[in-house]
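Two forms, one protein chain; structure tokens for each follow separately as structure 1 and structure 2.
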Structure 1
């Protein structure tokens, strides 16, 4: 038995041990007995079955047991380190409209920030406070002593070099905060100045070079807490953190680099000498020409960058040239979460599209159209009737349960109810809200309901539908019909049902699944 018992038990996937909605464990590690052992185990049918000394039983999918460790996307392990020449063909960018409309475009931008450390959105409306709206597309604004947002322009009595026209060497912001804001956004409203260009340096790359060229200097910078500080009339921030932070297994995970904010390091003389030699070597690497990525932010450009990896810089500009950026801070964790959810939704759309193009393109149980044609017809009928988006989606997806359940549609046609409405609704509920799933859940009941309350309805059913009506329970009794009509979503289900019944026209012209992707994508995000 190659699996440690407490590890195995802590990962028991049964519904007593884990909340199926969010995967959170329902027990404490201290709830497990001290002498826990495996009394019996057997492998078969793709599962490892385990009996425990306390009587509990667990089943583990074998493929879960073999899963590799996921890379840690907050460390260098999950990054692509770069130098300026890597962007000779252009920097990662997207148009604001496309970013908003297309989840694939949004995912590409967020993935660039996660993997490369930055991306630029173009044609973002040049209105004040718009940088907050950009942040809200993937996370939450982190307010600081500089405000919810800050204006980067020349100020008469600046409390920070940012608010002057001076050049600023590559640095990270707010190293005196702990936790330091991990993302920064800079939205250009105006840049008519001579000068004032932007620069970025990959701090992970610089640290990686230091580790290669001078491993002892690298190690010294990872283990020396540096006192960062900022002070004005209303603020007195300090944080003792290393310039290069590695994780518990030695991978680079954060860079703090800002000479302006380093207070007085107090160490024995020899250690100070060694620290300053290492610090100066690292600082010199950050200035190497091949690491300097330079570009110019114009009005409407919004730069999003990783403030615990990239160093940002600015060239000096003429003080009378107008230059105005608005910036704010945010955090990488929410960005990563948004990206993961977008990826999940894009995968859902791909899965649905494959259903329509694969299995769904086969015959539809006893009808003259394929399953895909039937569902596409239902969807476009809903769209042409001006139905709400959720009803269009419900019509389009109402029969996906035929593909999903343990009992297939084919078995339904041999007399076993496959409960495809429930199966489909449950499966879709991992991505869609009840406004889409509940009419699907009720669309079979709606047939039984309509047979009960509309005398002519039953006669309009197709032969296959009349057959399955019997398997599904026949027309409702008057009591059943009254109970059904009172359910939330019953009227939507009746509407979907009528579309279902009409959507069996052979050789009708329908759009492909692709046509519905934007609508489905929007519903996934609700």
Structure 2
């Protein structure tokens, strides 16, 4: 077997080894015996089944065993390095309303920040403190000595050159802080000044060029701690960090570059000469015209960028010109988390869509519609009736248990209850809340309930539905009906049940699954 036993056991996915809610391990590595061995293994049905010398059993999906190591999105390995010409067709951007409404659009923006280092949101409301609302769509504001936000405009008594009308060379913010804020946002409220254009440089690209052109200089800048400092009447901050930080295997991970904030480096003369030669070479690379991406922020534009990768700059502007940006800091880990969850939700929608377009084309329990046609009819009937979003989703998805269960709908028709309502609800619960899953869980019981409390209801059932009623337990007893009516999701389940009964019309016109994706995406986010 090509997998080391301790690695394999450390990654056992069973619920005795990992918390099923969060995947955290429930044992320490030292809890495993010193002489751990594999006594037996079988490969088949997409699984590796392992028996261990201490009696434990593990099952591993073969596709998981073959997965490559994921790139570290914080290092150059997970980035696309660029120069200005790469954006000749336009910079990564999105409209604020679309970003809020469409998870795919939000994911595209956040992925651009993660991979390219920046993105611009357009038409963000030009109101004070709106930059904080932008941050809260993906993370948390990092409060600093400048406050939870700061105003970038000409100040009468500035404690930072950013609060003047002077040109600012490419730099990163807060290199004197430990840890440095890894994201910065700048929201333009007004820009009627002559000048004051914005600029970005890919610091990772500049460092990569230095590594190629002068590898000794690159190595020196990665191993020389530089004293960064900031002080005013109320603050004194310092951090000793290299200009270029690499990870344990030498990949570029962070750039701290701010000439205004470098303190006095004290080294022997020869080392100082070598450092300043390397520092000047790196600085000259950051100023190369082909690396300078210049654009103008207009009112409503909000720039989000990676503060430990990109260097940002500004041209000078007239001191009496009206230019006002509000900024704040945040962090990449929250952005990465939000993006990962968005991708997981979008993958869930893709999975559901594939079910509707694949297995959904199959026969639906002897009815004159397919399974997908039946559920799409139920969904659109709920929508046209003005039902709440969660009820529309429940109607649309109420029979997915026929896809997911060990027993198929066809076997249900031969007399075996597949408990598809429970199977479907349990499967959907990994993405949706109980407002969606509980009506699905109870919709079979709702049929039995309605047969007990509404004499005319049973007569309206189709022949197939009458047959499955018997397989699923028949009408409820009075006590069962009373207990059902007291359940929290009973009323919604009854509504879904009625839609289920109506959604069996051959050749009815319905929208595709794509029509319901925005509604489902919004429910996934709750």
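Numbering follows the first chain given and starts at 1. C-alpha atoms forming the largest set that superposes within 1.5 Å between two forms make up the rigid core. The structure displayed is predicted, hence computed values, not measured ones.
Participant: Does the form predicted in complex with a further copy of the same chain correspond to structure 1 or to structure 2?
Facilitator: Note: form predicted in complex with a further copy of the same chain is structure 1; the other is not.
Participant: How about residue 491 - superposed on the rigid core, does its CA move between structures 1 and 2 by 2 Å or more?
Facilitator: Where the cores coincide, residue 491 shows only a C-alpha shift between structures 1 and 2 that is less than 2 Å.
Participant: Rigid core fitted, is the C-alpha displacement of residue 129 between structures 1 and 2 2 Å or more?
Facilitator: No, the C-alpha position differs by under 2 Å between structures 1 and 2.
Participant: Establish whether a shift of 2 Å or more occurs at the C-alpha of residue 9 between structures 1 and 2, with the two forms superposed on the rigid core.
Facilitator: After core superposition, the displacement of the residue 9 C-alpha between structures 1 and 2 reaches the 2 Å mark, so yes.
Participant: May I ask for the C-alpha shift of residue 56 between structures 1 and 2, in Å, based on superposition of the rigid core?
Facilitator: Between its two positions, the C-alpha of residue 56 lies 2.6 Å apart after core fitting.
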